[in-house]
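Next up: a single chain in C-alpha cells, the form predicted alone.
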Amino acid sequence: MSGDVLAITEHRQGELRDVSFELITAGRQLADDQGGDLHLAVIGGDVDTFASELNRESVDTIFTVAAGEEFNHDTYTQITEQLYAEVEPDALLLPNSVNGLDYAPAIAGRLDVPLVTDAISLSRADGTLEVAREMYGSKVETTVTVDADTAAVSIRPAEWEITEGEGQGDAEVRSFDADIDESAVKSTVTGFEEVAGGDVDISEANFLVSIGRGIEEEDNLPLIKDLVEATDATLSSSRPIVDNGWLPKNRQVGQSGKVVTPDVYLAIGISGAVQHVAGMKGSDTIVAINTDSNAPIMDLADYAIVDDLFDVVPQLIEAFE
C-alpha cells in the first residue's frame, strides 16, 4: 500500500466549487492516516487557474487535464481511470454531488473497487478504511468498514472545513495528457442552464433568512421579504414552502434541496425536521424563531427566540432599518 490519496475536484461555470477545497481537508486527513501523499486532479475548464487556487500547503501534487469546459461523464470516467493507474492510490475521493454521483459508480466498476457514497467522515486505522455515513434521514450514523486495500469514496459537501491558503502551497503541478477514446464518448454537453429562479444560489449566501410552514400562508411572504431586504440577506425555505409553490425549488434547503453553510442562518417558523437539518447544520450561527420551545431546531440553534414570528419579525425589521 502506498498510502496515497487521489481526489478529483469539481468546477462549474468557470469556478471551483467549495467541495473541491473540502476534498483537500478530507484527503489530507486520510493521507496522513496512511502516511501517504495527497494528489488532486482538476479536469477541464481553466485548469491552470484552478491549479493555482488549489495549490495549498497540504497538497503534494496537482494534475491538470485539459478536457473541454464543463463536466462530461464519458471523458471524466476515462480520465479518472487513467489518473488512478498513474497514481495507484489507496483511496479515490470524489464529491458526493450531482456530477460526482454521475460517474463515481462507473469509475468504481471499471476499477473493480468498492464504492462508499455520502461519507461524513473517514479514517484509516491499522490499514482498514472506515467511513461514517448517515442513514434514515440522518437519524442514524453508521460506520462502514471497507474490506479492501483500495476504495472509492464520495464525500458529502459541507461536512469538512475548507482548506485555506490559496497559492501558498508548493505542490508539483503536472499536466496530464489523457488518452481519450472518442468512440467511447457517447454524451455531449451542449450548455449549462439554471432551473427557473436560478439568479440566486443560496449555497453561496452568507446570511440566509429561511422560512417554514410556520408562516402559515403565502400572503405572509411580503413580511418576510421586508426582513430580507432590511438585513440584506437571501431568502430560503424548508420543503413545505416549495411544495406549496410559494418559492421556487432553488430556494429549498435540505436533503432534497441544497446544502448551505452561511455565516448566519435565521430560521423562522421552521421545526427542524432531520431532512432540513441535514442541509443547514453547517451554518456558523443559527438563530431560530418558533413558538414551540421543544421544536428540534431549538436544540440546534445558537440563539432561540420563543415567540410568535408575527410579533418578532416586525420588530427585527424596525431594528435593522
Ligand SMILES: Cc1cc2nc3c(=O)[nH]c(=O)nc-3n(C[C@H](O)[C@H](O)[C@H](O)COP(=O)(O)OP(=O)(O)OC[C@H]3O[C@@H](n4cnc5c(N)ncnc54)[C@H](O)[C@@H]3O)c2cc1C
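All values derive from a computational prediction rather than experimental measurement. All residue numbers refer to positions in the sequence shown, first residue = 1.
In what follows, reference is made to the form predicted together with the ligand, a form of this protein that is not presented.
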Counting ligand atoms of the ligand within 2.4 Å of any backbone or C-beta atom, after superposition from its pose in the predicted bound form, shows the site to be open
Students should find that, of A51, A273, A67, V264, the residue having a non-hydrogen atom no more than 4.5 angstroms from the ligand in the predicted bound form is A273
Quick check: do Q252, D292 and F310 each get a heavy atom within 4.5 Å of the ligand in the predicted bound form?
yes
query = If you check in the predicted bound form, is G169 within 4.5 Å of the ligand, heavy atoms only?
reply = no
Against the ligand in the predicted bound form, would G214 count as a contact residue? Criterion: heavy atoms within 4.5 Å. yes
Q. Using heavy atoms and a 4.5 Å limit, would one call G257 a contact residue for the ligand in the predicted bound form?
A. yes
Q. Counting only non-hydrogen atoms and a 4.5 angstroms cut-off, does R239 reach the ligand in the predicted bound form?
A. yes
Answer among 38-46, 292-300, 24-32, 58-66 for heavy atoms within 4.5 Å of the ligand in the predicted bound form: the stretch 292-300
Across 82-117, the residues having a non-hydrogen atom within 4.5 Å of the ligand in the predicted bound form turn out to be none
